[in-house]
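Listed next as structure tokens is one chain, alone, in the form predicted on its own.
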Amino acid sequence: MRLLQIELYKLWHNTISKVLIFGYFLLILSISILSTIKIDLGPVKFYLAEQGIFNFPYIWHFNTFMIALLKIFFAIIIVAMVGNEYSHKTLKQNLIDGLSKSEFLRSKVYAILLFVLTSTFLVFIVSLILGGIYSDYNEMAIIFKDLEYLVAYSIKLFGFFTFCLFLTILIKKAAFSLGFLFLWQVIEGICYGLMKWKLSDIIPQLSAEQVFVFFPLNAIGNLIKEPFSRLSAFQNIADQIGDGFTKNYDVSLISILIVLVWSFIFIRGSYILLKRRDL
């Protein structure tokens, strides 16, 4: 608790961090704005809430996927939080004052865990309220079905944020860390393209998809698959165009394990960097 209090004190006394944190949580609450979207252009009438996006249990899938897209906003907070420790020399001062490198890292991880749990709780409450207002189903068994998407959401955020933590400790500069984060996404895409092109020729038993699931950002993205093709409107169009559409939307235990392993690697890697460096 002491380490978490230290970290929260730093964040609370940083104006930019406060603005970003409040902004992030306000964006989570703003998902309710989707329920007000109406389009009325003569014969074209569209009311988003009537498309079933707030029906239980689909709402757990839809909201966790949509709100997870906002994770980059909190990633900025984490990168700035760690980057400022280097640029303002507060990391070195903390170590001089008696804080160990292990405690320093744990304070960051505890802060990440707190924000992940807070974000997950807000998604749960917002989804429960919107579903209670707009869902066509109110049976308890249906309401609390598919809550594994909330588990996937929390692991998705934790994996992504620990990756950001590792990059910032590795690079030390907040701006360069964010730049490398986007560059890494491009690198994963290039690697996937190269594997699609040559991997089957080199190792016939392996496909690009089988290997790509182990790449960190792709593994994090795979935790919650896109929910839009589950909507009845999409399914009807797919049925009219061709042979229909089938896709597995379940939260995969393998994906969860991969992200948890990467999270451990990122945290352990961060500690090794801190331990070996002369700060």
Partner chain sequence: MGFFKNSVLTFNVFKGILARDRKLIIPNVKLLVTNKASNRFNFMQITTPLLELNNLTKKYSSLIAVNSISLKLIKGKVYGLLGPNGSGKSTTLGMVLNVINPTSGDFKWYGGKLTTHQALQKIGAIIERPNFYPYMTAKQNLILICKIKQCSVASIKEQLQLVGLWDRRDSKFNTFSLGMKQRLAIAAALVNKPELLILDEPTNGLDPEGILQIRKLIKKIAGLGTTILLASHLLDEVEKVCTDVIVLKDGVKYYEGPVNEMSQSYGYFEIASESEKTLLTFLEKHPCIGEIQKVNNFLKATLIDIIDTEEFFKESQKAGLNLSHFSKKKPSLEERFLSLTQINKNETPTD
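Everything quoted here is computed from the prediction, not taken from an experiment. Numbering follows the first chain given and starts at 1.
This protein has a second form, the form predicted in complex with the partner chain, left out of what is shown; the following refers to that one.
> The chain here is shown without the partner chain. Which stretch in 135-143, 162-170, 84-92, 183-191 comes within 4.5 angstroms of it in the predicted bound form, by heavy atom distance?
So the stretch in question is 84-92.
> Is there a heavy atom of residue 97 lying 4.5 Å or less from a heavy atom of the partner chain in the predicted bound form?
Yes, contact at 4.5 Å.
> Is the gap between residue 148 and the partner chain in the predicted bound form 4.5 Å or less for some heavy atom pair?
No - in the predicted bound form, heavy atoms of residue 148 and the partner chain never come within 4.5 Å of each other.
> With a 4.5 Å heavy atom cut-off, would you call residue 101 a contact of the partner chain in the predicted bound form?
The answer is yes: residue 101 has a heavy atom within 4.5 Å of the partner chain.
> Can you check whether residue 22 is within 4.5 Å of the partner chain in the predicted bound form, heavy atom basis?
Contact with the partner chain, no.
> Within 4.5 Å of the partner chain in the predicted bound form, counting any non-hydrogen atom, which residues from 7-26 show up?
Residues within 4.5 Å: 9, 10, 13, 14.
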